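Before any questions on how it binds or moves, here is one chain, the form predicted alone, in C-alpha cells.
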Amino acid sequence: MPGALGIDLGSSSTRIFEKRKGIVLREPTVLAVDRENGRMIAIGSQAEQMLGRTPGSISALKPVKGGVISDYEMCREMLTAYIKKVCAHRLAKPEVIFGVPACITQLEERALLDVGCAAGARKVFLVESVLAAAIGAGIDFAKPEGKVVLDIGGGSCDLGILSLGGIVESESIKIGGESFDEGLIRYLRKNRGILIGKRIAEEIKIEIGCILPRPEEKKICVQGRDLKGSYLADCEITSSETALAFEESGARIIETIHSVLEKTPPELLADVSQSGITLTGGGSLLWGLDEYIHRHIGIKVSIADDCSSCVAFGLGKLAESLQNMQPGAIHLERKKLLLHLS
C-alpha cells in the first residue's frame, strides 16, 4: 500500500510529502470561489494571482489563519482538490498526518480531523508542528538534553523546548510572515500616507526587508494609493523603514521566547545556552532575524537548512511509522514514536 501523506497546512502555503517521492505539492493556501453558488473557481497559485483583483462576484480567500482552519467549507474544498491531485494514481484513500500548533484547542483539533476525513483521508493523525520541524531539521531531542526550536510560519510562531522525545514547554502566537507584511502596510499608511496591498508588502519584505539595519541601505520603488489624493503614486521605500515596520512583530517574538524560557527548568536552560535556538519556517528567512533574536536573548541562533520545508520533511518521516500512532487528537501519547524517530 502506498505510504501516508504528511501535510503541512500553513496559513501561507501547503506542502504535501509522500513516501519515496518527497514533497510532491507546494501550493499557496488560497482558493477563489463564485459568491453566487459557492463553486470553487481556482486554487493555489492561480487563485493567489486573484487576491485583491477579483470582481464582486468572485472571492479569493485564505481558509487557514494563524495555523488553524478559519473557513471549514473552503478548506475542505481546497484539501480535497490537493489530495486528489497527489493521489490520482491510488485506489485506496490515504492516511494523512497534519502538523498543528502546540497550543491548539480541542475545537480546532476537531475541525482539522473532520476536514481531513471529509477531504478524502482514510485516517487522520495530528502532531505538533514544532516536533515535526525538529525532526525535519535533523535535531536529536531523544536524549535528556534541552533543544529549542522556533518555527515561524506564515500565520503563527511556535516555540518548543524539547527533551527526551517530547515537549517540555511550548508557546504559540498568531505572529508570522504575514504579520510582518501587515506591519509594513500599517507603517506606510501612517508615516507615508500610502496604501499598499498584501502582495506588494510581501514583495518588499522579500526584496529589501530586514529587522536589523543592513550594512548597505537597499531601496525599492512601488506604487500605492495616495490616501490624500486617492490616486496611484510612486513610493520609494528603504530597508531601514522596513526594520521600523517589523519591530512590533519582532518584539512579540522576543517576548514569547522570554516567557517560555522563564518557565523552563534551570537544567534545560543550561543545555539551551550551549545548543542554541534553531529557526525553522519561511518566516526565519527575514534578513537579520537570527541576529536580532541573539542580541535580545543572548543565546546563539541558527537557521535550519531548507527551513521552509522542515515541517513537511518531519511529517514525512512521521508518516512512515503511523502504525505506532493512534489517529485523533494531539493529546494522545506519542513519546515512544518520537523517541524512535528523533
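Throughout, we count residues from 1 along the sequence that is shown. Everything numeric here is computed off the predicted structure, so don't read it as measured data.
Below: the form predicted together with a small molecule, not depicted.
Student: Go through 247, 202, 226, 109 and name the one with a heavy atom inside 4.5 Å of the small molecule in the predicted bound form.
Tutor: Spelling it out, the residue with a heavy atom inside the cut-off is 202.
Student: Select from the listed residues 169, 95, 77, 178 the one whose heavy atoms reach within 4.5 Å of the small molecule in the predicted bound form.
Tutor: Partner contact (heavy atom, 4.5 Å) among the options: 178.
Student: Name the stretch: of 147-155, 80-88, 261-269, 187-195, exactly one has residues whose heavy atoms fall within 4.5 Å of the small molecule in the predicted bound form.
Tutor: Heavy atoms within 4.5 Å of the small molecule in the predicted bound form occur in 147-155.
Student: Is residue 67 close enough to touch the small molecule in the predicted bound form, meaning at least one heavy atom pair within 4.5 Å?
Tutor: Residue 67: yes, in contact with the small molecule in the predicted bound form.
Student: Under a 4.5 Å heavy atom criterion, is residue 285 part of the interface with the small molecule in the predicted bound form?
Tutor: Contact with the small molecule, yes.
Student: So in the predicted bound form, does residue 316 come within 4.5 Å of the small molecule, heavy atom to heavy atom?
Tutor: Residue 316: no contact with the small molecule in the predicted bound form.
Student: Just checking whether residue 206 would be counted as a contact of the small molecule in the predicted bound form - the rule being heavy atoms within 4.5 angstroms.
Tutor: Within the cut-off, so yes.
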